[in-house]
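Below, in structure tokens: the form predicted alone, a single chain.
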Amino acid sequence: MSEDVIVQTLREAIDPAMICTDADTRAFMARDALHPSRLPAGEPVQPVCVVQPRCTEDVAAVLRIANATKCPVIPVGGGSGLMGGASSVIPGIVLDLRQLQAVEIRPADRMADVGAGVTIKALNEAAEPHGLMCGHDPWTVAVATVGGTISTNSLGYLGGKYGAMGDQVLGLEAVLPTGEVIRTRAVEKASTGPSLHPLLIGAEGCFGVITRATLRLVPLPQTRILQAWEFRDFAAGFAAINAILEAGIRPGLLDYGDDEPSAEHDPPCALMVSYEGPKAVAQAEAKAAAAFCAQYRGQLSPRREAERFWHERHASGDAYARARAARQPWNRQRSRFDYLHVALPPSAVLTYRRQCLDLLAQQKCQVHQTGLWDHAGLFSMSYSVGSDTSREDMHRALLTACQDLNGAMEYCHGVGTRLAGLMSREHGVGLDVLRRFKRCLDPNGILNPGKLALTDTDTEAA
């Protein structure tokens, strides 16, 4: 069926005002925060149209038409993903879910019923008068949406204490590729067979389109104690973090990192932490954790450093939100720069860090930072490759080294298109199981094609 016929069919089924066909809108909505140079297929392709549904039934109507015509559908939230999960790799209908704005705070249940298009910032603004907040605090809090963060199971600054976005989900409403709507019961625990909503967490819109979620809310902390520490090298601070976690202390914020390390140079590392909750609990945790930091020769830095970090933690995401709202490019071309966020058994972190530094030194690459986020096993690194080194080859080598240590190749941003080529290596036979789920739920393969390597034709190059 031609693109014109598909658009006309949509206009007959839903309010035509929800359908955008102008070239500028289609081009803008075809991409997320991943720079096109990192897309395996290069520049995103122009969508057939952009649809902005206002309710779940609008989404269902679009999917019924798309399934009947075998037209791809790409669900999009805030567009802040860094792996191309919301990018258009083949022409299709972009489903812009930001108009799904319903919010109902249920203080007695410590829950919120929230539309997929609501940002985490807006959710917190609605919950705050009730003394509650969302436990997920992403760097892009002003633009990241409920549906998008669930679809990547993203992690935020408070993940060490409250978990990832998926841990906040109690129930979901979603539309399957056939247009059927499923609603799971939003309770703390059920023993009624396999739960369905976890199948949609981290699935990047490939199994169904999330339209509404019931989220767990947590009390606003009575006290938040912020501390900044400096350690002589990465290993010393790593030992202190392990000691804190082994003691059962769970900081809210845990951000650890260095600047410009190399195979020959191990610079000092800074640790930013918070202890939060009832005053007596936060004070006790802070005191006990400080003893561990001192044991490993950490030096307490002025409190203002921790406070500055806390207050500026969303600055980069806010800049992206402003650029996105103005339809301006934000992800500047840095052709040699790259990054990774991998999950490892904590016992493998120092080994992996050494492997990375050695491998990058051999190829005359510059490391900008290594660090940990939220947990002793969540390791991040940013670097720039040399002019004679393939950025893609280096990225793959670093990620496969992580996998060889029984780690996972990404802990925060999902897979999208960028990491799809390593999904077989990541999951083995498990990828075949995921592909069977995909064929069962989406036999025509319309939902977010090219993501998560869920079809045999998806790219095999990371």
Ligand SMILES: Cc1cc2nc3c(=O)[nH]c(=O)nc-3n(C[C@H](O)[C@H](O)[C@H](O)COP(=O)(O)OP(=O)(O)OC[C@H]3O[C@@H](n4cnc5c(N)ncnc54)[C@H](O)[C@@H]3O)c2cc1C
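The first residue of the shown sequence is 1; numbering continues from there. Since the model is a prediction, treat every value here as computed from it, not as a measurement.
We do not show the form predicted together with the named molecule, though everything after this point is about it.
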item: Contact residue in the model of the complex, from Val114, Ile93, Leu271, Val209 (heavy atom within 4.5 Å of the named molecule); value: Val209
item: Contacting member of Tyr352, Tyr162, Tyr320, Phe231, with respect to the named molecule in the model of the complex [4.5 Å, heavy atom]; value: Tyr320
item: In the model of the complex, Trp310 touching the named molecule (heavy atom, 4.5 Å); value: no
item: 4.5 Å heavy atom contact, Leu419 to the named molecule in the model of the complex; value: no
item: Partner contact for Gly81 in the model of the complex: the named molecule, 4.5 angstroms, heavy atom; value: yes
item: His413 within 4.5 Å of the named molecule in the model of the complex, heavy atoms; value: yes
item: Contact check for Gly85, Thr140 and Ala144 against the named molecule in the model of the complex, heavy atom at 4.5 Å; value: yes
item: Among 131-139, 360-368, 231-239, 283-291, the region lying within 4.5 Å of the named molecule in the model of the complex by heavy atom distance; value: 131-139
item: Residues within 4.5 Å of the named molecule in the model of the complex, restricted to 151-171 and counted by heavy atom; value: Ser151, Thr152, Ser154, Leu155
